[in-house]
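Just one chain follows, in the form predicted alone, and it is written as structure tokens.
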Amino acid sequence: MAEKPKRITDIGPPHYQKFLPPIIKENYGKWKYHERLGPGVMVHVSEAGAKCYTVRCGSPRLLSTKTIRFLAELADKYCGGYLRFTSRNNVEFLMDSPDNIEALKKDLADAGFPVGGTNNAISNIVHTQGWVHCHSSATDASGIVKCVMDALYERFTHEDLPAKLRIALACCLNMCGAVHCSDIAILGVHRRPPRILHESLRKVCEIPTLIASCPTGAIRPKTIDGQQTVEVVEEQCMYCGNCYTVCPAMPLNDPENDGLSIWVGGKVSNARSEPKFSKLAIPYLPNNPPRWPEVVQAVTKIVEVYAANARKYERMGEWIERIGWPRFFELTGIEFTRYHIDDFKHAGLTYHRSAHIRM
């Protein structure tokens, strides 16, 4: 009986292995160790003794085709056409010889792309869409990231922090970014429930679908002048913007009240201590484009205090837990407010894990 031909499934992008550099393909899964050669430069050594050199540079998350072509030309010139983008929007050039490292670094520096972001340094800030493309954002993303990284530029190009430092930004609490588990997180916050455009709502929205879209049941049916519409119970609204996603007559953006909060102490790493969630440091800062001076000043202050006081290899959250939160607020000059007290009545797990109640 003839063998059945294998079914070929080709859904989505091509398989990543088609684009691996030859040295990566030959040593896949066989890497023995890696070493740093300088800020932004690493070498990985395989069991067979083969070496893969990496040069990492920072890039903006939003790239023009001109920038992509420039990076591709550098990869063709120095790396046999191979590069990769990291999850934090860094660009890594991969090569099997160290001969081109300095020339590549010079070309990147001349074009304004800093080399760094490795080991005990700040990597690029992972961030969400912001005002560029998000309908529920409370703040911008790319603009704030640019301003913060301008202030922390040398923390990217120099490895002089106690440990690696990861910063993230999410433009609303739906947090498409990694703000829940970063050393420092910048989070856009809405402070008012959505406005209800009653006349438009009846024309463009399906009321049952709108009511069902609210995860906390804050939207209720209501009749005004004999016409069916909805109301919002503000105490139950968590400002997620889900209602606006299904009903454009429920806008959430508010130029006067939207702003930012700062969170600290999160991490994904399991080294030295278990992974940690970020915790509130500053409940509100104003949206103040185009340079967001309050946000830049706050983040810079936290970084400088951490750099001056943490022990070697100590992540942000580990340092705070060692010195205690009162000392953290004292050193950074951040005011402690009622918003720092976790009183969410359904958070049994939070109470169980807190320092205030032991079960």
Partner chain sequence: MAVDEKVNTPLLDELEKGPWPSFVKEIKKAQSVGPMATDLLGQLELSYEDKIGHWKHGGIVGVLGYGGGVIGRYSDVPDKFPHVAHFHTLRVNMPSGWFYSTEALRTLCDIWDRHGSGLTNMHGSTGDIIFLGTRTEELEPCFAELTQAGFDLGGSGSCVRTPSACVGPARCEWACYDTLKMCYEITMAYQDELHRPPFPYKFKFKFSGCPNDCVASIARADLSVIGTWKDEIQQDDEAVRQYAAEGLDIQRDVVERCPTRCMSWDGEKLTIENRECVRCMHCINVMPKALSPGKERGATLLIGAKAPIVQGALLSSVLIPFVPEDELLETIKELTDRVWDFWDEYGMNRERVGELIQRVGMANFLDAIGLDPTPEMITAPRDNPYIFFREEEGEEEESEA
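Numbering follows the first chain given and starts at 1. What you are looking at is a predicted structure, and each value in this text was computed from that prediction instead of being measured.
Beyond the structure shown, there is the form predicted in complex with its partner chain, which is absent from this document and is the topic of what follows.
> Looking in the predicted complex, is its partner chain within 4.5 Å of a heavy atom from each of 101, 184 and 307?
Result no, not one residue of the spot touches its partner chain.
> Would you kindly say which of 197, 121, 149, 211 lies with a heavy atom within 4.5 Å of its partner chain in the predicted complex?
Exactly one residue meets the criterion: 149.
> If the cut-off is 4.5 angstroms on heavy atoms, which of these, 75, 161, 232, 201, is the one near its partner chain in the predicted complex?
Exactly one listed residue reaches within 4.5 Å, namely 75.
> Within 4.5 Å, heavy atoms only: does residue 224 come near its partner chain in the predicted complex?
Close contact is absent here: in the predicted complex, residue 224 is far from its partner chain, nothing within 4.5 Å, heavy atoms only.
> So in the predicted complex, is its partner chain close enough to residue 42 to count as touching (4.5 Å, heavy atoms)?
Judged by the heavy-atom cut-off of 4.5 Å, residue 42 is in contact with its partner chain in the predicted complex.
> Taking 4.5 angstroms as the cut-off for heavy atoms, does residue 29 touch its partner chain in the predicted complex?
The answer is yes: residue 29 has a heavy atom within 4.5 Å of its partner chain.
> I'd like to check something about residue 265: if you look in the predicted complex, is any of its heavy atoms closer than or equal to 4.5 Å to a heavy atom of its partner chain?
Looking in the predicted complex, residue contacts with its partner chain do not include residue 265, since no heavy atom lies within 4.5 Å.
> In sequence order, which positions of 289-308 have a non-hydrogen atom within 4.5 Å of its partner chain in the predicted complex?
Heavy-atom contacts to its partner chain in the predicted complex: 289, 290, 291, 292.
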